[in-house]
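This document contains two forms of one protein chain, each encoded as structure tokens and listed individually as structure 1 and structure 2.
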Structure 1
Amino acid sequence: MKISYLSAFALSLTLMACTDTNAPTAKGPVADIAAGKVIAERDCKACHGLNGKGIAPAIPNLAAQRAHYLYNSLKEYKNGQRSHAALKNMATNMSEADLRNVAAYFAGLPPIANTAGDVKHSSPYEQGKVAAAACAQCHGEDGNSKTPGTPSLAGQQPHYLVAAIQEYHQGDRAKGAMSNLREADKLELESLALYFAAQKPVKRAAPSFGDPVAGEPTTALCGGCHGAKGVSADAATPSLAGQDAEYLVKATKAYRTTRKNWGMQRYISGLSDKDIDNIAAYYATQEPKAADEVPTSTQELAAKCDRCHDQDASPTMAAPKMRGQDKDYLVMSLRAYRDGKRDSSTMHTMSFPYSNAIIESLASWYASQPAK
């Protein structure tokens, strides 16, 4: 499947980024595992266990992790590239040999066996599908609305869908039919949005009002944001192609009155009611196209990550092993890369466009896999 969320991969997937030139080589100093164990017992056990299992959620497992990754991480805490006060302190007081030895100790431990059912995994698509049952009576089973005045959601930009629902909740849009919806958390909204965005939008027949041919020239005003023929390429701007015509009229006029959106208010202020009918007829009859495809299975996504993170990949890979890692820790790390709080050019590019729903699903997937 083509996954645009992941187009960043294509650019950043230089395998050079995967191998680590700072890794201790066979020629480097040999680590003293027994000396490492002494340090672990004294300084690390309280949080990472002597067996390398994080003692609480969000503390990473260290057992069987790649030695040079552990070593590099400790250096990063030391020099401030990663921030954690206690680790910075400890690492600062450790010699090069100490760092190497303690890394070797944890790396040499057997992997932590995760108990089946420790972490439940389900993809945002599956969660969204379940939640979408509450929307079907109005927006259609697959997000293609057959009710005049009710918008289709199929193929719509997922970021836009989340923002639109929040606007109803916040009162930036009059709620109308949407007022009976209970408030959903962000994760659930994102899952719903990913589900609808992945549905195929269907082409519509011409509406009984408006003149598409007369509408077309006026849409020159709109195409810069809403895309050629109403197919938006921008995550925050809705596609209009194939949308229900009555809804388009109602929504456009609502920017004159109840809908708050500075950009849109400016652009529609000069339009007459007749212009709006014609524009609606034009957009409604254009060929709709789904937002760049969104990932529907976590395994598909994870396959991309495994190019660098695979357990069986070369031990000189710079990327850490993730299977069986603590789920909360994985969520936290991915958000940290995305939000610019943890420095790694490779991982930042990778996690930048990810919604919380995708991060949650990737983290739960990896955490639920047996560690090796």
Structure 2
Amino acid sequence: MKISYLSAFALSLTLMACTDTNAPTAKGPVADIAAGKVIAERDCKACHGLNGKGIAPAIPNLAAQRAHYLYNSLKEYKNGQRSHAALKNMATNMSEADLRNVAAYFAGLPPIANTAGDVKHSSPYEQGKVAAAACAQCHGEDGNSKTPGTPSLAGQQPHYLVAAIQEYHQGDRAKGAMSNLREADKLELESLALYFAAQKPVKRAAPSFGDPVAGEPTTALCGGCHGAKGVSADAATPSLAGQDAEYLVKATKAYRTTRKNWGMQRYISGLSDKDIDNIAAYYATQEPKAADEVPTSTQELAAKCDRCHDQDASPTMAAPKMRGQDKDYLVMSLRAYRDGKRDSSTMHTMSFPYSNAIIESLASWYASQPAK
């Protein structure tokens, strides 16, 4: 199954840049690499070394990075668009020539060579597939449950699945059959959820109870969150289409007693048992759809990022090279764009839906590649 999650990490900026760091730029004079080395010795060496290699995790490598990107980054620290007290203070004390020269110095250095095995990479989809084996007995190998009263997970919204499992961990949901659920960290849960989100849900036969026709008008309010005919467009809200009817009844009634959600509790309070049966019958008979497309490999996702970030991309792009970059720095940066802590409307839009598992996987893949 060939699938890909989201479009590219791509910058729409087409700022001028140079591959020859000694050539004149559109902004004016030729950069002075010798002067840049003096600045690097004075201000940058303590963190980035004279060879441009970050001295600790989460400190980026600057060697062989695009000069225009380095220049723009320093300008952003200087102007307060990026937050880092030491870098802001350092950049504020630099002239335009200083910024250009130090950027040219680091851009002209040879790339930092990776040590084999420095970073291990694996796809969150593949990790999720391994973890899903423990769920197969109840929820089906592909997430399509055949056991009455047990929910299907195939095609379910990934953020919702993570939240639901965490609620079992925290005791916010009555565990019942989930009592043997082992504790798992957030990245493992996200990988599991991505795997199930990628599986194709199958349509169910009508249940032996409830009236789907009578249930449809009662779902008018449900559709505001759960989507038309129960197909959710929100990663944090579950799809109901094609779900097991017995499970839907049980889950809905739980909001009367154990489950906590102010909106659901308020709405459920006005429904009779017959209403709930009819709603469950309606959603169980709707055509289910997979929540979203998920990457079978990180390389598939990275190939799209490479349109701007690959070393062979147009020199007029202001996007940084990412191959061979420090993994922790990449994770930190991608999360900052996603969470709106680093200013780039395009990068925020592109990265906003990305879970930590996808960011971790993408960062580890780029960090494991040879820098050029």
Ligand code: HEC
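All residue numbers here refer to structure 1's sequence, counted from 1. If you superpose the two forms and keep the largest set of C-alpha atoms that fall within 1.5 Å, you have the rigid core. Fair warning: this is a prediction, and the values are worked out from it, not measured in the lab.
Novice: Would you check which of the pair is the form predicted together with heme C?
Specialist: Comparing the pair, one sees that structure 1 is the form predicted together with heme C and the remaining one is not.
Novice: With both forms fitted on the core, check whether the Cα of residue 208 differs by 2 Å or more between the two structures.
Specialist: It does, since the residue 208 C-alpha is displaced 2 Å or more between the two structures after the core fit.
Novice: Establish whether a shift of 2 Å or more occurs at the C-alpha of residue 234 between the two structures, with the two forms superposed on the rigid core.
Specialist: Residue 234: C-alpha displaced by 2 Å or more between the two structures.
Novice: Superpose the two forms on their rigid core, then report whether the C-alpha of residue 197 is displaced by 2 angstroms or more between the two structures.
Specialist: Result for residue 197: no, shift under 2 Å.
Novice: Once the core is aligned, what is the C-alpha displacement of residue 221 between the two structures? Give it in Å to one decimal.
Specialist: Here residue 221 registers a C-alpha shift of 4.5 Å.
Novice: Give the rigid core superposed Cα shift of residue 265 between the two structures, in Å, rounded to one decimal.
Specialist: Its alpha carbon moves by 2.7 Å.
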